[in-house]
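Below you'll find only one chain, the form predicted alone, shown as structure tokens.
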């Protein structure tokens, strides 16, 4: 639970319990619906499809009946460092158009679509493949009713820009507006949660302020079963995972069995 000198008061993050996750995909559907993620008539080309929240399936590699399966929901990690000790995420470091930034007041890595020039350096820099390039304009045909489910607080993205998970930043703005109207300085824990957190039927996702010891997410992130994806890269993601299974934690850090390790 590192806290750098440039951190603000809040540091929003997420804890996903992989022992609870069933891989149902509800979080991915809720994310797409909430954030106006466009779909194509043909989604078979997965190299050009867009999914801010992806579900990955992993196994322990053992034959039946010893086979075990786990599912990894993967949003944007909202990294705190670039892997070289600098307090910024890898994508922010390489963005030539300053279209993405790490907000010191919330810890959220934002994406400013009107600044993006589509160079895709951020895509190359992201070790989690959490950024997506828009190859086409948004597809919401009126005749099929897709335009009626659009969220008015989220702008649809145009062709030629990169997009990603924003921790439903518009929900944070909505909670702040409500608190301001009620003459409050702080928002409550349950006032700002992401769409995937709200929709998860297994309650495997917990969201909140990692800097607030009263928030459940802060306590879960300190669990002995907590880990982060590719921790050896030292990007310090704000998305934590929980699992009691040792093989899951090893695969999360790109662990290789002894027979695949290079000879010393």
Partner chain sequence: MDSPTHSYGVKRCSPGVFFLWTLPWLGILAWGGLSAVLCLWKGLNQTNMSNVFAFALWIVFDLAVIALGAGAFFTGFLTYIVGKKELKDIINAAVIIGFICYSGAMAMLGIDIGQPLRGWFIFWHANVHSMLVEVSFCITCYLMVLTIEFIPIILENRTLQKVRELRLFGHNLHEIMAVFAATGTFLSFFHQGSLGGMFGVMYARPFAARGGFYIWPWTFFLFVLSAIAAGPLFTILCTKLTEFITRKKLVPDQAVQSLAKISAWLLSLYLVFKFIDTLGWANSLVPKAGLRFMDFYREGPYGFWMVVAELGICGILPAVILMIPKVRQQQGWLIFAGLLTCAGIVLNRFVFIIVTLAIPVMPFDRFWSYLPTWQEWGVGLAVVGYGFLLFSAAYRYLPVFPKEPELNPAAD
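Residue numbers count along the first chain shown, from 1. Since the structure is predicted, the reported quantities are computational estimates derived from the model, not experimental observations.
Unshown form predicted together with its partner chain; subsequent notes refer to it.
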{"item": "Contact of residue 118 with its partner chain in the model of the complex (heavy atom, 4.5 Å)", "value": "yes"}
{"item": "4.5 Å heavy atom contact, residue 246 and its partner chain in the model of the complex", "value": "no"}
{"item": "is_contact(residue 106, its partner chain) in the model of the complex, heavy atom dist at most 4.5 Å", "value": "no"}
{"item": "Heavy atom of residue 49 within 4.5 Å of its partner chain in the model of the complex", "value": "yes"}
{"item": "Option from 233-241, 203-211, 60-68, 30-38 whose residues, in the model of the complex, bring a heavy atom within 4.5 Å of its partner chain", "value": "233-241"}
{"item": "All of 14, 172 and 192 within 4.5 Å of its partner chain in the model of the complex, heavy atom check", "value": "no"}
{"item": "Residues within 4.5 Å of its partner chain in the model of the complex, restricted to 94-131 and counted by heavy atom", "value": "94, 95, 96, 97, 98, 113, 114, 115, 116, 117, 118, 119, 120, 121, 123, 124, 125, 126, 127, 128, 129, 131"}
